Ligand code: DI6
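Before any questions on binding or motion, here is one chain by itself as structure tokens, the form predicted alone.
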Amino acid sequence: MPAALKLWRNARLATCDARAPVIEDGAMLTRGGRIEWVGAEDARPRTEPAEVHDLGGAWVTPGLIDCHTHLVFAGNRANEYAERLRGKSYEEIARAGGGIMSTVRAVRAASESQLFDESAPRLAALLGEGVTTIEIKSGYGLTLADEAKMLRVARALGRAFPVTVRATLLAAHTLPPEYSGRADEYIDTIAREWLPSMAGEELVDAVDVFCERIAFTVAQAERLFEAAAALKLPVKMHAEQLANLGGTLMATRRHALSCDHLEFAGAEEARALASAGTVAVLLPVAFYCLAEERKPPVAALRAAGATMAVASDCNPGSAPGASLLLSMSMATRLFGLTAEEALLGATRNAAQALGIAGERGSLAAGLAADFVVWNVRGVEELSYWIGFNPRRTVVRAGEVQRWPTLTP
């Protein structure tokens, strides 16, 4: 049987589609998991839908997209947050054996079921805010078996919850103790052995690397990017968060999907991002939790015409949170984004950062029927409220989500 046609009417549409960004008195027709038509209600095709949903004049946006998370992990690092409150830096803690390696030890000791059970409430919190697509990185295993374990859990979460999961291999997150003093060998192992193995199991949608003084060099990152290109996998980079090593300039030459953090980037990096179509992903929760002082070059990014996205960076160390709405609010207040930029950053631009702009992130014919109905008077409220969730209804793949389904 063909899928039923559904009409969603009496809506104010913030489409995040540049061709018609706002449609008052709007309506949508969906069939199955796709949007068939979007426009003013008085112009809609005179077909007879099987279902009619009156949205009561509410604002509707695309489903939110969290394009940078480390959501799958075990344990937490609250003790390190307390150390930072007492004056220690992120780098000092990492060099003393804490930081990422603390979570690596917890993840290695955890079973897949434990990782799933610990990660599921974080995912449910994000879905409760209207997130319908999420990126989940590995990077806390640092062995073939443990990185694959994390990615299998990411895939399992996508099957258990009403969400689209994009899984990113971040084995180049930090140097594991087994490879102490042998960073080049570790990168070669990932490139030659781990990446082909996990790609062959269809566990990987993209490849990421942490390019920093406490992680990997630009040259090492480029070798990993070359291996990803050979497998036709897109690449991303944690770039210029703690220092400017030139990672963004290399990543843009490689046409990376995104460069993320960017606190130490400048006008040259902004121009390179714009020219390459590489998205600048801003992560204000990490900036806040690390008490950083240097901000990403938003004015330069804006002047260059670079695309900016906003993400939660959900992780146990630098961004212990699971709220994309809070990230949007922080992006406006801490980084100076406008309300419109924040919304685009969590929808259309976030989709571009994941390489799925032709599938999600806007309300347009042919795209996924993922959208959110909000209890707001204007969409600027989405980056205004703090600690209040104005989500009314989430529709994913054309189906209204009932909140008991947010537990697997």
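Each residue number is its position in the shown sequence, starting from 1. On a predicted model such as this, the values are computed, not experimentally measured, just so you know.
Below, we turn to the form predicted in complex with the named molecule, even though it does not appear here.
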Interface membership of residue 166, the named molecule in the predicted bound form, 4.5 Å heavy atom rule: no
Contact flag, residue 348 vs the named molecule in the predicted bound form, heavy atom cut 4.5 Å: no
Touches the named molecule in the predicted bound form: residue 100 (any heavy atom, 4.5 Å): yes
4.5 Å heavy atom contact, residue 236 and the named molecule in the predicted bound form: no
The named molecule in the predicted bound form: contacting segment from 158-166, 245-253, 70-78, 301-309, heavy atom within 4.5 Å: 70-78
Candidate site 140, 261 and 316: all three near the named molecule in the predicted bound form by heavy atom within 4.5 Å: yes
Answer option from 241, 278, 119, 133, heavy atom within 4.5 Å of the named molecule in the predicted bound form: 241
Option touching the named molecule, based on a heavy atom within 4.5 Å in the predicted bound form, out of 194, 210, 288, 335: 210
Partner contacts for 166-185, taking the named molecule in the predicted bound form and a 4.5 Å heavy atom cut-off: 173
